[in-house]
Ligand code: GLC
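Only one chain is given next, in structure tokens, and it is the form predicted on its own.
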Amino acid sequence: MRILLASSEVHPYSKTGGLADMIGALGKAFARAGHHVGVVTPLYRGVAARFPEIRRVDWRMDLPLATWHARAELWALEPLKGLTVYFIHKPKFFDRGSLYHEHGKDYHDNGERFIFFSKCVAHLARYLPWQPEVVHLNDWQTALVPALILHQARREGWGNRPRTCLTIHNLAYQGVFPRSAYAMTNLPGDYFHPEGAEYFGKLNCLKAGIVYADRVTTVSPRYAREITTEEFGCGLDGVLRKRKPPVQGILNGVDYEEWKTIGNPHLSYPFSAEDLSGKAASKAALQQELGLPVEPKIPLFGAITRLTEQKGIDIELAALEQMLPGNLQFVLLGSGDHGYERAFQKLAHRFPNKVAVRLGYDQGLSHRIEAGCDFYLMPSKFEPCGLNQMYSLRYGTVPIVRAVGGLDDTVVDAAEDPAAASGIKFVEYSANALAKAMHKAVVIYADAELLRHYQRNGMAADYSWDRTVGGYLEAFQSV
């Protein structure tokens, strides 16, 4: 099959979260399965310098944006056979300090930036010599592409157009802009109405994708069910319930070529389910690296996260207040809301021998935290899929999760199946419920054989991309 994927971020070139990991791994998995794959993403600042093998292609785009035209270059890279990554080079839009925002504020022209990016994707889908059969879009930044392709097929004679599949990674982010932004699509008013791209008088990019894509998927089976309810639907549950065929949940996978405990350049001490001595050494090394006392008998909890309300940071802070007077340690790697950043820094100042905080993102440190911690906290208010709980399982780090979305799909609690238990779940969104789950973890940690039982079950779980690829191919073939 000939597949064109489009995403506003792709690992290892750009990343703010799990979307980048998913697209980077999915593109490789499709190519290794023998498919012809292209991935389209913006050329952000510094990418060409970090990957000097990226080359400019003899291809320029000159596309309308309302009453003016925007020009861009196409750059490309072939990381493996059957896979080409195409980069949209438009410095005015993408040569910036961050992908979407700076200093806590979205870029004022995000609508313009990603409407243009969507037009570039549609242009490539139409004119690439290898003629994609399916265009796979991801989140609001590319969700206008189905309408753009459909319009060109209806009005401009684009025969045998590729079919479109939209994957929702996080329904909370919809790309909502003033009505005036719709002019930049250069689409007629046929697509701007309550049953189309309009959302209470504004342009809603994600809604447009849900309405006009041939197929809509999301990143876990439970999340596919949740987003059709008022509680989790973020105002679009009615639109999603109308979808025919309905939204399909396909669980994300893990790139085990990167997230591995043996042969990992980020880890000094390899380990396996059969020999966990390297994990103990990794814990000691992490404690030393982050300035905590090297205490093998103290349970070490960790989190690598965006500091946003979605991730349950408020209840995590409150639960830590309850738990830190006890005998445990906690490490955090993350960034986001400045109030949450300051709160964690204050916690580290008050408990210097128990809490270590590193703001920002560090790929190597994220691997060392996953390897060195005993337990991983993921108390999300909602979680479409989540990847870190799956990384934790592979690294023998027992995840503590709220039973929502992909967290519920991937972690097994002892109450569900004692023999297969791999983590700890709680249901109520409260600090007390999380603190109770952490108390369970402390009890498990005190029983070495029980802890090893959880670790072995987690390390045996298989969330590789082979299964995920099959789900997407089935969705693609259905259209």
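All of these numbers come straight from a predicted model, not from anything done at the bench. Residue positions are given as counts along the sequence shown, with the first one as 1.
The form predicted together with the ligand exists for this protein as well; it is not shown, and the discussion that follows is about that form.
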> Counting only non-hydrogen atoms and a 4.5 angstroms cut-off, does residue 252 reach the ligand in the predicted complex?
Replying inline: yes
> Using heavy atoms and a 4.5 Å limit, would one call residue 401 a contact residue for the ligand in the predicted complex?
Replying inline: no
> Does the ligand get within 4.5 angstroms of any non-hydrogen atom of residue 387 in the predicted complex?
Replying inline: yes
>> Is residue 306 near the ligand? Define near as a heavy atom within 4.5 Å, in the predicted complex.
In response: yes
> Just one of 311, 207, 368, 279 has a heavy atom within 4.5 Å of the ligand in the predicted complex. Which one?
Replying inline: 311
> Every residue in 320, 432 and 434 with a non-hydrogen atom within 4.5 Å of the ligand in the predicted complex?
Replying inline: no
>> Given a 4.5 Å cut-off on heavy atoms, tell me which of 168-176, 147-155, 128-136, 260-268 is the interface stretch with the ligand in the predicted complex.
In response: 168-176
> Since the partner is left out here, which residues of 256-286 would have a heavy atom within 4.5 Å of the ligand in the predicted complex?
Replying inline: none
